[in-house]
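We begin with a single chain expressed as structure tokens, specifically the form predicted alone.
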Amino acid sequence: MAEQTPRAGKGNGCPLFKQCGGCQLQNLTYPEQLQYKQVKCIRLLSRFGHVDEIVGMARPLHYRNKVQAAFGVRNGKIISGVYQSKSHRIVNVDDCRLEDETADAIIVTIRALLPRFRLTPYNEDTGRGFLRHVLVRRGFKTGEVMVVLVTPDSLFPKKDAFLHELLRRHPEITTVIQSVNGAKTSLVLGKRELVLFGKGYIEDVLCGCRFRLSPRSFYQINPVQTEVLYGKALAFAALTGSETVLDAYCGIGTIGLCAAKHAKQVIGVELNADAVRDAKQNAKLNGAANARFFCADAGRFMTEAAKAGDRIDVLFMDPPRAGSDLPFLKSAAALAPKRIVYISCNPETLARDLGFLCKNGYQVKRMQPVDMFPHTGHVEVVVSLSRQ
């Protein structure tokens, strides 16, 4: 199977393909995209063993349950959408073929309402204007919808009238939050949040567990494929109910709480304090008394656990695209869990990290690619390793 170079002339014909840059593979048919990603994984990972066939989506469209839009003005007209790849230029988007259709419709409505209420997009150069970004999040299973309006300060002229009209047009919205971000930063959300309508969060169900999502919660954006991904990870963990599980990079506790149903106890470690707070709340929400979450550096946590002689049977690790750093990997090897389940969003850094683990007492047993982000160049891989 030869690795293809993406070429023009195929795919689903998105009119913004050449402007946006977000869908690097949309010019290939979906079967060709899967082949491209499969060959990429084989090229990078086959030295560790057999790479299973990639799991694709039955309907690889409108899968993103979290949508962010930047707002601006061009030629006297309010626009909203995504930043063009490697630039600060906004590509005006009405309907993205990857994004949730409800979320896109809400953003288009907000854009249309701004001039009616004499509200303007924020101008970074002058420091004037009202709206910087809009974030919309929808629960795939629950249907609950969160709208976050990002503004430079807490002032909201004609707030009640604006909210009334927005909710009249979109009764599916269950909460509206104002995020105050006055800093000159590439970060979308600010630290201060004002709940304008509803309870200030939404809930969703993933792999039979219920999760509370706040504006800054990390949550996989493709719920259909996340259930596939986590299902493979749990199968690789081979839990019998007697294991102690460590969930490093645990976020809001998604994989750890899914594992808690099948393990003796789960320990989650995460450096982000907001995520740990959400994880503890989610443990209560699911009645997972055998799951505990700690705000700490995962590598240091494992080093201390190894020094104390603590025993871990299964380590789940789901690092960012940069992969794990060397201190983390050394800590994992020192802790010496029987099995490691590595969930990677970057096969390049995965190959690097597997090289270290295989030189330090582990052997790769299974490698399963999952297409979490159709039409983009990204691919997730779940790897099972066992201690030799």
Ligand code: SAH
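Quick note: we count residues from 1 along the sequence shown, nothing fancier. Not measured: the values here are computed from a predicted model.
The same protein also has a form predicted in complex with S-adenosyl-L-homocysteine, omitted here; what follows describes it.
- In the predicted complex, at least one heavy atom of residue 318 sits within 4.5 Å of S-adenosyl-L-homocysteine.
- Heavy atoms of residue 123 never reach within 4.5 Å of S-adenosyl-L-homocysteine in the predicted complex, leaving it off the interface.
- The closest heavy atom approach of residue 281 to S-adenosyl-L-homocysteine in the predicted complex falls outside 4.5 Å.
- Shown alone here, residue 73 lies farther than 4.5 Å from S-adenosyl-L-homocysteine in the predicted complex, counting heavy atoms only.
- Exactly one listed residue, out of 149, 146, 96, 250, brings a non-hydrogen atom to within 4.5 Å of S-adenosyl-L-homocysteine in the predicted complex: 250.
- Of the residues 258, 245, 202, 298, just one reaches S-adenosyl-L-homocysteine in the predicted complex with a heavy atom at 4.5 Å or closer; this is 298.
- Each of 220, 254 and 271 comes within 4.5 Å of S-adenosyl-L-homocysteine in the predicted complex, counting any heavy atom.
- Only one of 212-220, 173-181, 138-146, 76-84 lies within 4.5 Å of S-adenosyl-L-homocysteine in the predicted complex by heavy atoms, and it is 212-220.
- With contact defined as any non-hydrogen atom lying within 4.5 angstroms of S-adenosyl-L-homocysteine in the predicted complex, the stretch 48-73 contains no contacting residue.
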